[in-house]
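Before any questions on how it binds or moves, here is one chain, the form predicted on its own, in structure tokens.
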Amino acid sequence: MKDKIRIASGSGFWGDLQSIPLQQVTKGQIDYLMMDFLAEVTMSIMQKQKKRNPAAGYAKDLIQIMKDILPHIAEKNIKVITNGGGANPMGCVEEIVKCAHKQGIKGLKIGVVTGDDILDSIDNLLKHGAGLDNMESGQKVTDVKERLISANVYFGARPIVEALKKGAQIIITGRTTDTSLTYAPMIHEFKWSWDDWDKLAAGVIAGHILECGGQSSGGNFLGDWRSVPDLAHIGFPIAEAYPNGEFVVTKHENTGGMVSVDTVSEQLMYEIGDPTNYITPECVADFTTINLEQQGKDRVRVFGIKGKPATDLYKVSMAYNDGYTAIGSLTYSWPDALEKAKKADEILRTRLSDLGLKFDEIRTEFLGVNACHGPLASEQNEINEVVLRVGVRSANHHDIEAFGKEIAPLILTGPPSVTGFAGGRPKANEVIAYWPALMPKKLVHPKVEIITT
């Protein structure tokens, strides 16, 4: 058993800095590279791509990344774990295999985790007690079942650990939890028991700190953000993990950003809900037991974490079509920029009403005044410019399209000093709504395959 491993974050979301994975595998020693590509809405986007093209449905950025890092991970025996397989993990693996062949890299084992996609099994699962009602509103899944476009179970670390035991150096998954990409290697390397709740919870916390990439090494830092050095060349975080469950958050030397108790603390607050019950497939972590200690420059020790037994449920991320939306904007300049924008909004709403158009929602924002803070924002009229942004939502495609025709006329038939209209009329776009649910673990099982280059 190793006395420590270094797990590096290479991506916080689909669209993150593509230079980071290469940086992580070349600027210092690491044992694992984890890359998180999936958000709740991402799976629905990938599923729609796959329906248009059966070969698509994964994070295409990942292929170029793998081209860049394959020679380095093969030479240094660095293991890569990512959920970038999205809605088509096997298709993603096929492209990586092609990359390896072109570079003359042979004998590389790639693990593929599938089984999370339950969209085609919904009816059968419901017959066997899957539930799948909205865990936030209680609404019945039957209300939206025919409009579902994606449904994916959040698997945890178990299938990843299985792939590692089978010798996989690269592991491509579908919808696994973000944190499992980090704590699976810790379970595997340190031979942790599946009921050692404290150690499993420590791994979950490490994964939570790494999952958003540079957000724990100075990016998006709400504290003294001016003190963060060289964000242009930010170094992403690395978890230096130990068998006892303690770990140190750090980054490669000679990279920008910073790792401090403050930056790590901010990331720990990200999307946690009840801090005493952070539920994952393998355990429940108690964030209130976390201890942080600055050990030196860009080194934060994390220790004392407590965990509790896992539940018998998986979370399921589903998405469904929920009508259409369109958004239009115009920019009004000084003087009286806000007053002009408000008058334009009033005129627009009157015209929409005169046309008999019906919307589930009309929302107006005044960028530069209240777009971020809404009704909490204080208004002042002596500002240089205001962007009027109006959005509408409806199940009626015709009414959405009609709204789009009413923005441009405001330029010559509304308040003066207006600009910012470009790109043509606002178009109707499908609304993809999120549906979180729970289901018994016993009803679905991951599948692990090993492909050799």
Partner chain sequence: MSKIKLIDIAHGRSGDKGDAANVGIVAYDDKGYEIIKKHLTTERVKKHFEGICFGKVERFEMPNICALNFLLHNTLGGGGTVSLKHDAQGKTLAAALLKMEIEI
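Numbering follows the first chain given and starts at 1. Because the structure is a prediction, the values reported are computed rather than measured.
One more form of this protein exists, namely the form predicted together with its partner chain; it is left out here, but the text below deals with it.
query: If we take heavy atoms and a 4.5 Å cut-off, which stretch out of 247-255, 180-188, 290-298, 156-164 is in contact with its partner chain in the predicted complex?
result: Selected stretch: 290-298.
field: Non-hydrogen atom contact Leu438 with its partner chain in the predicted complex at 4.5 angstroms
entry: So Leu438 does not count as contacting its partner chain.
message: Residue-level contact is defined here as any heavy atom of the residue lying within 4.5 Å of its partner chain in the predicted complex; does Ser317 satisfy this criterion?
response: Close contact is absent here: in the predicted complex, Ser317 is far from its partner chain, nothing within 4.5 Å, heavy atoms only.
message: Residue-level question: is Gly356 within 4.5 Å of its partner chain in the predicted complex, judged on heavy atoms?
response: The answer is no: Gly356 has no heavy atom within 4.5 Å of its partner chain.
message: Can you work out whether Gly391 and its partner chain are in contact in the predicted complex, taking contact to mean some heavy atom pair no more than 4.5 Å apart?
response: Gly391: contacts its partner chain in the predicted complex.
message: I need to confirm a contact call. Of Asn124, Ser265, Ser227, Thr350, which residue comes within 4.5 Å of its partner chain in the predicted complex, counting heavy atoms only?
response: Answer to the contact question: Ser265.
Sole residue of Glu75, Glu136, Asp195, Glu339 within 4.5 Å of its partner chain in the predicted complex, by heavy atom: Result of the distance check: Glu136.
field: Within 4.5 Å of its partner chain in the predicted complex: residues from 32-60 (heavy atom criterion)
entry: Contacting residue: only Val41.
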